[in-house]
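In structure tokens, one chain follows: the form predicted on its own.
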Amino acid sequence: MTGNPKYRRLVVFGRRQGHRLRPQRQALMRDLLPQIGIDLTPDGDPIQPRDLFADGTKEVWLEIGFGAGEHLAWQAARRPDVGFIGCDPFLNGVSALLDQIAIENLSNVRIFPDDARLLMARLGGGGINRLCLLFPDPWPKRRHHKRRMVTRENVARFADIMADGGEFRFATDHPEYGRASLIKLLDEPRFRWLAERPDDWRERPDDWPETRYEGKAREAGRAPMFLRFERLACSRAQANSV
């Protein structure tokens, strides 16, 4: 992957790899990832998301921090006419998603195995129809809050790359991070919160499967928060901000 190595070191925290990969997954990293990985060429031209997929792709969805990839693979298997981009810098998770792609023969998934902000900086505007950020690291210590994915700068960039009428989905089991994220999302005039009653943020929609992180949260007695926002068209966003 190309990009600014100095920037990458600044924004990717934690280990890039945990336990040693099994030989089968090492082979997937060697053979399959180059076929479906997104390479940031040095020319700097904007990337149009649909250009990454086969003709006839109706929408493109982006998942930031896909973990072991169970949510992304579940969605991709049920929506063959949608292109899915997954971003995650941690190689064990990348190899886990590659395993699911190979088992289910998914042809509509592309992977960026690095910090999502590097890719978002290169995506053309309006090309993402759904953006998912599910159970990101909350970085609970105040001095680490700058490491969070939901910042005002990133929320504005989410809105930049999303299509009118697109949907942003966020989940966390960390109450303070949930409240702080909600405030930042509500402050972005191009987003409209879709919740109309408490259950709309306490319960997942039917087309949103449980991830292992959600399962761990519930086992530990932590209640997750699920936020859904609509990306407004410019005229509606202007009216919404008045």
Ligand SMILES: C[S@@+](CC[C@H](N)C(=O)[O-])C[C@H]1O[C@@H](n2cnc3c(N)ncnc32)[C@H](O)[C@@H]1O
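For every residue, the number given is its place in the sequence shown, counted from 1. Given the structure is predicted, the values throughout are model-derived calculations rather than measurements.
This next part talks about the form predicted in complex with this ligand, which is not shown.
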- request: Look up in the model of the complex whether D99 has a non-hydrogen atom within 4.5 angstroms of this ligand, and give yes or no.
  value: no
message: in the model of the complex, is there a heavy atom of this ligand that lies within 4.5 Å of any heavy atom of M149, even though the partner is absent here?
response: yes
In the model of the complex, C87 touching this ligand (heavy atom, 4.5 Å): yes
field: Distance check, T211 to this ligand in the model of the complex, heavy atom within 4.5 Å
entry: yes
query: Where does this ligand sit in the model of the complex: which of 115 to 123, 156 to 164, 102 to 110, 75 to 83, heavy atoms within 4.5 Å?
result: 115 to 123
- line: Contact with this ligand in the model of the complex, heavy atom within 4.5 Å, among E70, D187, E176, D200 goes to E70
Contact assignment for this ligand in the model of the complex, among L28, A217, I38, I64, heavy atom within 4.5 Å: I64
task: Using the arrangement in the model of the complex, list in sequence order the residues of 123 to 155 with any heavy atom within 4.5 angstroms of this ligand.
output: L134, F135, P136, D137, M149
